[in-house]
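Single chain ahead, written as C-alpha cells, the form predicted alone.
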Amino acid sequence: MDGTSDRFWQEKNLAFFGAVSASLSHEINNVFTIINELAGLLDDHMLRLDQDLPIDPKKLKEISEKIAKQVRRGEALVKLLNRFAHSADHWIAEVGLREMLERIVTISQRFAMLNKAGIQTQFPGDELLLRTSPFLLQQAVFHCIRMELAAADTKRMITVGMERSAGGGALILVESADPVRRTEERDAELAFIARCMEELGGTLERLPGEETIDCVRLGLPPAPES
C-alpha cells in the first residue's frame, strides 16, 4: 500500500496508538502478576503463623521491599501511559524535546528487548522547547526506531540523539550500529515518516547512501515567534 495514501495514514495512526498502549498495559499486567506471586508468599508465611511455626522476619522484609519496588514500577508505567495518552489532547503544543524523546525511547525499550537489541541516547544537558505536534512527532521517532530495530544484527544497538540546529530548530538522529538494507516495506515506512515530517514542517534525511538507511535525521523548524 502506498505510504502516502489516506488509508495507510489512518491505519498507521491507529496502529501506533494501539501498539504503545498494548505494550505499556502488558508491562503493567506483569507488575500485577509479580505482586500477586509475592502476595502468595506472604500467605504462606501467614499460614506458618497460624500453625505456630517460626517465620523469618528478614524474608518478610524482603517480600515487602519487592512489593514496594513493583508498586513504584507500576506507578512509573501508569504515569508513562498517561503522558503518552495526553500527548494527543492538543494537536499543536509546546514540547520539551528531550523529555519527549526520553519518553518514546522508554516506550520503545520493550520492542528493543523483543528484537534482542538495545537503545542508547545522546542528549544535551539542557532542554529544547519547540511548538509542534507531540503525537505526530512521537510517532515519527517511534517508527524510525522500529525500522532500525528490525535490522539490528551484530552490535544490536540503536542510538537516538538530538541537537540544536541553525536558526533555533532541532535535529533528531536515529542510527543503527548495523547496516539497514532498503526493502519495499522500509521504503513504505520512510514514506510515512516523510509525511509525518511534512505535516510538522520538518525534513527527513536518510544516510548514508541509496541502498541503506543506517541513519535517519529528522529536522524540526524553530518555534514561531509570538
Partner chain sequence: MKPMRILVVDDEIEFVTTLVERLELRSIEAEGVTRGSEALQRIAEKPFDIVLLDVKMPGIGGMEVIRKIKQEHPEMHVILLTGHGSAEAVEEARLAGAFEFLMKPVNIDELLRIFRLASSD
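Residue numbers count along the first chain shown, from 1. What you see is a predicted model, and the numbers here were worked out from it, not measured in a lab.
There is also a form predicted together with its partner chain; it is not shown, and the following applies to it.
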Ile34: touches its partner chain in the model of the complex, heavy atom cutoff 4.5 angstroms | yes
Find out whether any non-hydrogen atom of Ile172 is located within 4.5 angstroms of its partner chain in the model of the complex, and reply yes or no.
-> no
Does Arg83 reach its partner chain in the model of the complex if we count a contact as any heavy atom within 4.5 Å?
-> no
Would you check, heavy atoms only and a 4.5 Å threshold, whether Ser64 touches its partner chain in the model of the complex?
-> no
Among 178-186, 43-51, 157-165, 195-203, which stretch has residues whose heavy atoms lie within 4.5 Å of its partner chain in the model of the complex?
-> 43-51
As a check of understanding, the residue in Leu129, Ala88, Ala150, Met113 with any heavy atom within 4.5 Å of its partner chain in the model of the complex should be identified as Met113
Taking His26, Asn29 and Lys59 as a possible spot, do all three reach its partner chain in the model of the complex with a heavy atom inside 4.5 Å?
-> yes
Listed by sequence position, which residues of 63-81 have a non-hydrogen atom within 4.5 angstroms of its partner chain in the model of the complex?
-> Lys66, Gln70, Arg73
